[in-house]
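As structure tokens, one chain now follows by itself in the form predicted alone.
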Amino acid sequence: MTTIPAPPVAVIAAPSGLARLLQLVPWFVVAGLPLVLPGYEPLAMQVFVMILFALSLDLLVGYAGIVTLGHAGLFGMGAYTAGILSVHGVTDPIVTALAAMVVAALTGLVFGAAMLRTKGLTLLMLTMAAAFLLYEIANKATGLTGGEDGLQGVSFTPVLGLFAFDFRGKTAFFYSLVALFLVFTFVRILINSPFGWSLRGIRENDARMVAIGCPILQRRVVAYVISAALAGLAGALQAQTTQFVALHSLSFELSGNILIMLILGGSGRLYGAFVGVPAFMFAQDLLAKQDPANWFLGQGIILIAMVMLAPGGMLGIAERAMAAIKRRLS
């Protein structure tokens, strides 16, 4: 029976002790930002949450080849789960985050099992329809979600009973940074595992994967459920750190923006979310300050230029530049 060839040893080999330490350096640098740039913790926290959300989407788009325009539906499910539990007396951040992951994962299982039997434009439209359905349910269930006014009265106890959420955002900063680090570590292990390599195979040639006996529907559904759980965690972090849940967390606009952020950084490269999210958010802020009335025009021009000139995103540009330098030196 034909088997999937193993990836090159150099790709899956565990990094040395020195390499592991070097990989931790950027995280320690980011953790020291409050000392260098005090007052920017709330902004940094929002960036961390969006990076985590983009990582969950990258697992689908970049590795499994599942393009979706409804990922905010899963993010919003996590946010509303954490917020509703808080309003009804369950205020521990860790417990509500885990509950949000479970609810989002179950939602992903239900929708994924139905939608992932299709492909292409049909799948894209179904993901949009699922997100719109969740949005309308949240909008109509005003007694539970607050409707258009959002879910208010959300509050959480200190993290681990020790670190209270303060108005300066320091606890939220480190809480979301630790969550992002754990999720990044998990995703990196996952995509370099046999399961991750099977997702790449399905993305590249699903007919061949069927021919060698790979259960592609099962693998795609599992990937969708994992991605949903991580998106739900991002939504829970958003609710916990802002202590408010709005309908925007389920919106098509958020689904589109997070996909743009990922493409801007470079999907399927693991670090694309870390590049695309801050680039998009800071460019958005800068353009809005320069021209509050027409900043969408500037954003659209930049994105069209990126898609036309750099289909691999910002990391794709960096990879081509490094390749050109190596050719010159060789």
Partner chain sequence: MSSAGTLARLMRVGLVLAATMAVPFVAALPASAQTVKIGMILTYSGRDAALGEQIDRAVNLFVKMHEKELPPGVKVELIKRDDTGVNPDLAKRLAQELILRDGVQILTGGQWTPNAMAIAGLTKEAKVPFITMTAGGSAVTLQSPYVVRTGWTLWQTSYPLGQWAAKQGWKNAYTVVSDFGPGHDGEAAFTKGFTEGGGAITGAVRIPLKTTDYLPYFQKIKDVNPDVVYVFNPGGPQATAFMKAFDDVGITKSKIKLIGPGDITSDDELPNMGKSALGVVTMLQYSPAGVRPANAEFVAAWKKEYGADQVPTYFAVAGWDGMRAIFDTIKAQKGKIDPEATMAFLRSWSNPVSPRGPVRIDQAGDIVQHLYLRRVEEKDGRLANIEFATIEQTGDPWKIFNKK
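Between two forms, the rigid core is defined as the largest C-alpha subset superposing within 1.5 Å. Every value quoted in this text rests on a predicted model; they were computed, and no experiment measured them. Residue numbers count along the first chain shown, from 1.
Below, we refer to the form predicted together with its partner chain, which is not included among the displayed structures.
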Of these, 85 to 93, 98 to 106, 227 to 235, 244 to 252, which stretch puts a heavy atom within 4.5 angstroms of its partner chain in the model of the complex? 244 to 252
Contact assignment for its partner chain in the model of the complex, among 43, 283, 270, 30, heavy atom within 4.5 Å: 43
Determine whether any heavy atom of residue 174 comes within 4.5 Å of a heavy atom of its partner chain in the model of the complex, and answer yes or no. no
At the 4.5 Å heavy atom threshold, is residue 26 in contact with its partner chain in the model of the complex? no
With the cut-off set at 4.5 Å between non-hydrogen atoms, does residue 184 touch its partner chain in the model of the complex? no
Given a 4.5 Å distance limit between heavy atoms, list every residue of 140 to 154 close to its partner chain in the model of the complex, or none if there are none. 140, 142, 148, 149, 152
Fitting the rigid core first, would the Cα of residue 286 be found 2 Å or more away between this form and the one not shown? yes
